[in-house]
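There is one chain below, alone, in structure tokens, taken in the form predicted alone.
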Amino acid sequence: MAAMMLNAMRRCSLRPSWAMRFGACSLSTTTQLQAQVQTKSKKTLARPGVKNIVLVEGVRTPFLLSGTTYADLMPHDLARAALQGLLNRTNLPKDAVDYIIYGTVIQEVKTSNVAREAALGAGFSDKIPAHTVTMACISSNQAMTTGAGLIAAGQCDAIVAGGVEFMSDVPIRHSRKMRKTMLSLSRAKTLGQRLGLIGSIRLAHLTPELPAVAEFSTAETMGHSADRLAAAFGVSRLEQDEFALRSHTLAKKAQDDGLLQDVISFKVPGRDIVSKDNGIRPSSMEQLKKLKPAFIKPHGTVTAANSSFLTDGASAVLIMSEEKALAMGYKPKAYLRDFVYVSQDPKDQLLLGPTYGTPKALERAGLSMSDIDVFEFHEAFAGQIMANLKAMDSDWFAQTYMGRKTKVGTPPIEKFNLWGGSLSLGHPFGATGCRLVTTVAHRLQKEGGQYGLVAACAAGGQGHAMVIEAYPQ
């Protein structure tokens, strides 16, 4: 399939490379773009008889490189901090929420239902149910849409959703043989049985098992898959490095300009107050060129710099029915509108979730690409982003693999990830979805747009896309 894609994509008439157009664009939204957006007259996506579900507020802890300031914490500590930040930001009564849902990927065994532990730690009423979901990198997306479903069904009016990931201390298991021996030891009734089991232990039994960094179904790491995907779509190392540099440069500007309003300050026990993401590191093309391939060596194009890094962090959002939000005196930030989940071949299309999800979400909402004012796509790898953009701009791919007559088209660069993305801000697997949605809401307010689109890929060949509508100012 990879060879077919590469040959076909080379034959396709694609738009000029995004990388070639980076230099021609301002790093912030231009006044001209703002004027164009503000003068548009668009319909609302409200539907008769369907509840309006609104985003009231969204916050997150600073996203930090794993092994840094958060290193001595536990996942529920970060989730609790995000929940407390949400309470402080909204002045929400701690018993006013109907349900709490959190997403996470690598679970801490002591707090397997991290939603419940974090909620109790944050001071929420113990009468509020809470559960934890997992769907790889779209876990908090699933938390939000599960909450939206509860509201739409009339079961709840106010939901707190979020996500957390803590890569500084992942659970490491004994080998299976060692686990079996230890379990047998716990059941042994005589000294002789215990000594026999202890004597059966071999050096190989002591080899630990780390959490899987590969797809279970294919045994391939995501980075290796990203490298193959980039090659299949003819994405060069130069394009990937330029996109990564763009992400860090935009993130630094957004941070310096105070645009990352969702970030809350967090006093880390025994350490200083943390108030900024620490993975934003604008560099230069000269420095990026020096890095060697990280996965397919020596000829791969995916490096540490054009990949998202291991990150610790948590996020939280308050979503409500519009009636409930207004009754409580809140001014919502945005409406959560149509969304879809997609899945495809995890071997050759592992990271193409945005390509498959975007047209379906737009169709459900009755919109086209030209209607969207703000795009926020999850940046797992620069090569993954560029491959999706090329797939979205290919009639051949749409017809051959998606069963569509025509391509959906490529998001304009002047609307795309303007405040940085996962490559620069960081990617705590379970928390990124809430960051994307909150960023869209804030950008719509800042830029005067009406519609935003979130899209993300996830392990297992899955993906998510959601349309968001600005709340009238």
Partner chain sequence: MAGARALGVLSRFTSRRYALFIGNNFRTFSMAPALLARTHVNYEVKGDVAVVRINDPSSKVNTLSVQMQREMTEVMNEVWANNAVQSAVLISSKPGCFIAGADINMIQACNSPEEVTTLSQEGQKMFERIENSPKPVVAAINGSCLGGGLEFAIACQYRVATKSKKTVLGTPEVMLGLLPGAGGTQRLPKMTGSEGQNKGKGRGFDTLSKPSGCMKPLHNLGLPSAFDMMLTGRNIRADKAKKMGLVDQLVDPLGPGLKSPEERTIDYLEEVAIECARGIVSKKIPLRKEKGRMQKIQDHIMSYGFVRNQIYKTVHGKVMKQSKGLYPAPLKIIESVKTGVEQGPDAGYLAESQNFGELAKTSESAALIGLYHGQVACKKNRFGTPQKEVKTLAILGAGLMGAGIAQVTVDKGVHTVLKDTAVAGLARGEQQVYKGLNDKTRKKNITSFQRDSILSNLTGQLDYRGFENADMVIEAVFEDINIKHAVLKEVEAVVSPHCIFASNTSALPIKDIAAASKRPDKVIGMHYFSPVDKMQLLEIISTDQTSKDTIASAVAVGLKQGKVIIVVGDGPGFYTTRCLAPMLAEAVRVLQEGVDPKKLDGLTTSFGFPVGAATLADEVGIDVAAHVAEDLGKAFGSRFGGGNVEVLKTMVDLGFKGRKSGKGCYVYQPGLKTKEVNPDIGDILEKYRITPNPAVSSDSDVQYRLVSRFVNEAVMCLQEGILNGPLEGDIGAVFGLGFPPCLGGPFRFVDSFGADKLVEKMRRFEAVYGNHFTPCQLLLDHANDSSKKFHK
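Residue numbers count along the first chain shown, from 1. On a predicted model such as this, the values are computed, not experimentally measured, just so you know.
The same protein also has a form predicted together with its partner chain, omitted here; what follows describes it.
Taking the partner from the other structure, its partner chain in the predicted bound form has no heavy atom within 4.5 Å of any heavy atom of R187.
In the predicted bound form, its partner chain lies within 4.5 Å of some heavy atom of W396. Contact check for F166: no non-hydrogen atom falls within 4.5 Å of its partner chain in the predicted bound form. Not displayed here, its partner chain is kept clear of L238 by more than 4.5 Å at the level of heavy atoms in the predicted bound form.
Checking 166-174, 149-157, 108-116, 387-395 against its partner chain in the predicted bound form, the stretch whose residues place heavy atoms within 4.5 Å of it is 387-395.
For the marked spot (G234, Q349 and Y401), a heavy atom within 4.5 Å of its partner chain in the predicted bound form is present in each of the three residues. Interface residue among I201, I296, L120, L310 relative to its partner chain in the predicted bound form, by the heavy atom within 4.5 Å criterion: I296. The single contact residue among H248, R80, R228, K324, judged by any heavy atom lying within 4.5 Å of its partner chain in the predicted bound form, is R228.
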